[in-house]
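Have a look below at one chain only, the form predicted alone, in structure tokens format.
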């Protein structure tokens, strides 16, 4: 029997205390880290994420009312709303809009939802670019489907979560985060074609581990330049006469970039080259070519820094520090939406202690910040416990 995490035990006790009876359903969805393929997903491109062993937990029990009652343990807050379409956004709590948004999107598609009592907690770091929001969305999708007695495929659960985030929460994210949180596999990354939503499992070679370093530069995607970058990419695609930036090669882009403003050309150059790098990186991982993977991840970071302009000095500092230790024995780059958040490194387990020591010593000196370091493994997607 696997040991029940202390946080999940605390959630079980809180559910029983708050709702005066025990839960009878439990769901778990992981966070995710993207190894390579940044800002390509909303351009119909390729991404290479893996689910990680940090989770959102949702406990539930049907109630006899046509309403959802929610306890958010991590915030010590609660919400309650009727299951009538359309559901209104919560006037104060941003976390509540993920719950309301997922329910609203299911109702909009014609699913009949039944009332339930729900308690939520998680250990996916929030605001760090590890998809705590997508993890919550897919855990809730599973929860609502089981509460209401209908089947929701992993793919449809992911699409519903994305719809909720785009149209209810107001962040115009692509599909990658929800898809990997729903469909992740143990010990595997997934090469996802975000247009067809097909995916190919890519085994992470033995001896390599995933290290995530949170810069603790906080950023909120809804309020940041994330949506602006998406608009710039869409404008570039329109001027190039294509459906999405996925539909042009690097050579074709060079020949046609006179159609774009200087800024649009930079944004397009990042996306088109990043798509190429992502497909190459999947092959490099499969073949155990870590030197090539190292080069591709370095090029990805440079492209995000110079062409997409989404890194910040603290993130660049972390990438530099990790690179000093790992050289070509692994890869490191910024991961996530940008403007803060995390870097991800794939590296030999034997180098983790040296990386950790250097970051702990030098990062505060250079930035005034303290980084959080997480050693992760690729994990299973959303599931009922």
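Since we're looking at a predicted model, the values are computed, not measured. Residue numbers count along the first chain shown, from 1.
This next part talks about the form predicted together with ligand GLA, which is not shown.
Peer 1: Tell me the stretch among 65-73, 38-46, 340-348, 314-322 that has any heavy atom within 4.5 angstroms of ligand GLA in the predicted bound form.
Peer 2: Contact-bearing stretch, as computed: 38-46.
Peer 1: Though ligand GLA is not shown, can you say which of 205, 174, 125, 115 has a heavy atom within 4.5 Å of it in the predicted bound form?
Peer 2: Selected residue: 174.
Peer 1: Would you check, heavy atoms only and a 4.5 Å threshold, whether residue 336 touches ligand GLA in the predicted bound form?
Peer 2: Yes - in the predicted bound form, heavy atoms of residue 336 and ligand GLA come within 4.5 Å of each other.
Peer 1: If you apply a 4.5 angstroms heavy atom cut-off, which residues in 18-32 are near ligand GLA in the predicted bound form?
Peer 2: Result: 32 alone.
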